[in-house]
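Below you will find one chain, with nothing else, as structure tokens; this is the form predicted on its own, and questions on how it binds or moves follow later.
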Amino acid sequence: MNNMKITVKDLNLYYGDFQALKNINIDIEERKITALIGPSGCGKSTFIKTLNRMNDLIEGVKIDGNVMLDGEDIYKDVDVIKLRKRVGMVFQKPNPFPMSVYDNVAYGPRSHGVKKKSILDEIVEKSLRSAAIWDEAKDRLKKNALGFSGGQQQRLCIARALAVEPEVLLMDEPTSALDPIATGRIEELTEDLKKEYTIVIVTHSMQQAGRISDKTAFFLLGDLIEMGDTKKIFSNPDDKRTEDYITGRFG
């Protein structure tokens, strides 16, 4: 029996009268990379944000159905601050805070009550190492994070997300603002991180989904059309619409 980290049942999401997600049922396996693909505006970013309740911040959103994290319903049984500690997020554009590299990474642990410098030092180093940016950052810990390149900033944002020791890492098109070399580094990093974390990644790039994910889910106009092992989805999908999208007939 595979270990399901997140189970989504009959999830519907409305922005006012517009239904952005329609009856989504999906299981996300622990310590695997699940890629969400589909054309722009199909609901993949909306879906990933339901997994850490980021949509709660948008006015007029109505959500029904269940999102279970380790069997607990995140909309009923889980405190949202605790939830966001367990489910970290990395956004499309790198968004480091305008403060030092060290303070960026220490920000989360501090806000959860870690005060002791020796412990913070350890967390900062471990997180930067985990995000494959320690070598570039170790001599610049006191310098402003905005001095980093885009790819470095994105790895710093990954380190910042890892610093609170989440169980799940959500990545919403984390490489779309980066050049190919930086993209390759983030992809390698993501494959490395799945040893410890469950990763859900929204990507515009089918090549990226094919390279790094174990499972792929194809969204279209708010529907989950199909989900399965990435190799099967890319070589032999069940649904003609999936095949059309993957072979570039539309999208």
Ligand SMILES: Nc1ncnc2c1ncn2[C@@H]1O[C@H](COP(=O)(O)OP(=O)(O)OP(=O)(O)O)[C@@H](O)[C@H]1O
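Quick caveat, the model's predicted, so the values are computed rather than measured. Start at 1 with the first residue shown and count on from there.
Just so you know, the form predicted in complex with this ligand exists too; it's not on screen, but the next bit is about it.
- Which of 190 to 198, 64 to 72, 45 to 53, 206 to 214 has heavy atoms within 4.5 Å of this ligand in the predicted bound form? This holds for exactly one stretch, 45 to 53.
- Answer yes if any heavy atom of residue 173 is within 4.5 Å of a heavy atom of this ligand in the predicted bound form; otherwise answer no. Result yes; residue 173 sits at the interface with this ligand in the predicted bound form.
- State yes or no: in the predicted bound form, is some non-hydrogen atom of residue 20 no more than 4.5 angstroms from a non-hydrogen atom of this ligand? Taking the distances in the predicted bound form, the answer for residue 20 is yes, it comes within 4.5 Å of this ligand.
- Query: Does residue 39 make contact with this ligand in the predicted bound form, using a 4.5 Å heavy atom cut-off?
  - Reply: Result yes; residue 39 sits at the interface with this ligand in the predicted bound form.
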